[in-house]
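There is one chain below, alone, in structure tokens, taken in the form predicted alone.
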Amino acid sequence: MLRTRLTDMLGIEHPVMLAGMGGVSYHRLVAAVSEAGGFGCLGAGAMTSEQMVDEIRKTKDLTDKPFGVDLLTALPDQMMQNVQLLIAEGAPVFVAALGVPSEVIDLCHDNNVLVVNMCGKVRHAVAAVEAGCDLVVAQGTEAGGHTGTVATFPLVPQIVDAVGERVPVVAAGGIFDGRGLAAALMLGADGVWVGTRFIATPEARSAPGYKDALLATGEDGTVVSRAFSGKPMRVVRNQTTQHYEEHPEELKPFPEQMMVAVGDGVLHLPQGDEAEGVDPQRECYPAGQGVGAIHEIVPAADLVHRFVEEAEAALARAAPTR
């Protein structure tokens, strides 16, 4: 068993965390990952407050294992309200993709809720720990969705060196199997945060055509684009990303560009499976560079177990018994 500071802190069996993907990480997927011994995380960034509460309750109906809630901290007023709601509903972990105000961290800690912060640079991780965050996710640019510019392999050990003595560090970005988990542990991380691979599961919620697009996309089929939100987002390359590569002057800042994408009918993540009028050649399908390794739809629990078994095998190969 791969026991780390992460598993001890979160009270889980395996150091595998489900990314809180907006529009994807809903109760069925979250509960499946947590029940398998990993750590599920609701992607509440695309939810209303009422939807978030409903998803927390549905998750608790399916599992009594720990799970978290990932919120969009770019909307501070809504974030404070939702943090209060997740505390009231008994979610034990709050995940933030951007900086977390100190008053939110204090509120969480006063209610025994752990705070996780996503970081794309060393200075972001240092600031998060100094603000009081309990663990940090070092996310490389290979990751799907909103992402930074530094690759996972150089980023993780630098963040480990900067804050690893004080808090657990979790690696993210381009990790799709147990070899990635083993590599992350060797780099000094305490676990992995996995997104794209968990989209290709029966339990994942997704806009029509999303899973098919993942199965069909190669390792070079993604691009970092501001086309869908105004912020850099790694997505499957398509007609929409190509248009804005050729016409960058048309891009609006966040969140205006997101409203443009919704109006243009190319952003259906919030509607998920129930979305209508989706054109797979234009739609927003966030995906990391590990997408080229996804060839089949696999139950989420099986993926958690595969990650652990493959990591143990990889670590055994790296340190054979003499």
Ligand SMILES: Cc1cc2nc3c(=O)[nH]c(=O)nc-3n(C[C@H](O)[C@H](O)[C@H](O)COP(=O)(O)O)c2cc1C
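Numbering starts at 1 and runs along the sequence shown. Worth saying up front: this structure is predicted, and the values here are computed from it rather than measured.
In what follows, reference is made to the form predicted together with the named molecule, a form of this protein that is not presented.
Undergrad: Which one, 102-110, 237-245, 218-226, 172-180, holds residues whose non-hydrogen atoms are within 4.5 Å of the named molecule in the predicted complex?
TA: It is 172-180 that comes within 4.5 Å of the partner.
Undergrad: Could you tell me which one of A97, M79, A91, A200 places a heavy atom within 4.5 Å of the named molecule in the predicted complex?
TA: Of the listed residues, the single hit is A97.
Undergrad: Contact between G145 and the named molecule in the predicted complex at 4.5 Å, heavy atoms?
TA: G145: yes, in contact with the named molecule in the predicted complex.
Undergrad: Can any non-hydrogen atom of P15 be found within 4.5 angstroms of the named molecule in the predicted complex?
TA: Output for P15 is no: heavy atoms all beyond 4.5 Å of the named molecule.
Undergrad: Does any heavy atom of M118 come within 4.5 Å of a heavy atom of the named molecule in the predicted complex?
TA: M118 belongs to the contact set for the named molecule.
Undergrad: Report yes if any heavy atom of L86 sits within 4.5 Å of a heavy atom of the named molecule in the predicted complex; otherwise report no.
TA: L86: no contact with the named molecule in the predicted complex.
Undergrad: Pick out the residues of 17-54 whose heavy atoms come within 4.5 Å of the named molecule in the predicted complex.
TA: Heavy-atom contacts within 4.5 Å come from A19, G20, M21, G22, V24.
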